[in-house]
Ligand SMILES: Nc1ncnc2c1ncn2[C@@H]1O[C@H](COP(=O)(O)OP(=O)(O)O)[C@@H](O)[C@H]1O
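Before any questions on binding or motion, here is one chain by itself as structure tokens, the form predicted on its own.
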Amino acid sequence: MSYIELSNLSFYYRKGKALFDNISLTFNLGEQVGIIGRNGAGKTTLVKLLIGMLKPQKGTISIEGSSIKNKSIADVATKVGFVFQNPNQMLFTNTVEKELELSLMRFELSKEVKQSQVNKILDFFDMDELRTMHPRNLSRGEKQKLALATVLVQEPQAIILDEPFSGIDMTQRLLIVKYLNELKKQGKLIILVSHNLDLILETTDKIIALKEGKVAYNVSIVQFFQNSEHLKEIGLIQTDYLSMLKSLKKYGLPNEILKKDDLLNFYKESLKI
């Protein structure tokens, strides 16, 4: 059974002008899904529907087989966590530790259990030494990690991240990629909304490409990126890295080689390094 399912969903902001019209999608545990498309394609609206911030006019959204129609945003958040693009929107207290404790306030947990979960998530993100720091004094990358930690400490099975790589340097980006890959190993569902196609390649298995409120593609990353025309169709520009992969395919690089580590390993093996 799918963890999240959209069935025959329609949504419009103004009556008679649909953004989404009768779309159906499924999201499974253990998947890393990238949602891509131009501005205005419907990415943000789709995410708001998934977390219950918006309600569809037609169709249903179900989590673990149960409709979220009458559930509050807080109820949905226990199943599907959401990390905002701007981490400052998620930080409210005066220490890193208190931010995590705040996320657990609505759960009926003992003090010992709460402390155990806080310690566990600080260890996972290598942030124990930042425990007493004020969140506003953290770097942008550290704030992004903390924002993700405040969601994960609640132990949802699915996490949606909206442009998590914006405004941070490459070192912090690669750290977040590492954490996302760890979460996949734990069987979590990761839904990533991003314009950064190179990092989408590193962190996803499947692509949902939106164009003017329609699902243009719902395929594996290999199927999507094997044809450069797919990007042009949805209005996105091919990156330098994708151009390089396209050139290498002319000299025998298999279509399924997309991620940087796989690319390096392929040539190491080919050259017997």
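Don't overthink the numbering: it's just position in the shown sequence, from 1. Quick caveat, the model's predicted, so the values are computed rather than measured.
A second form of this protein, the form predicted in complex with the ligand, is not displayed here; the remarks below concern that form.
The ligand is not shown here, and in the predicted complex it never comes within 4.5 Å of any heavy atom of K206.
Interface membership of T45, defined by any non-hydrogen atom within 4.5 Å of the ligand in the predicted complex, is confirmed. The closest heavy atom approach of Y251 to the ligand in the predicted complex falls outside 4.5 Å. Although the partner is absent from this view, G30 stays clear of the ligand in the predicted complex, with no non-hydrogen atom inside 4.5 angstroms. Of the candidate stretches 236-244, 35-43, 61-69, 22-30, only 35-43 contains residues with a heavy atom within 4.5 Å of the ligand in the predicted complex.
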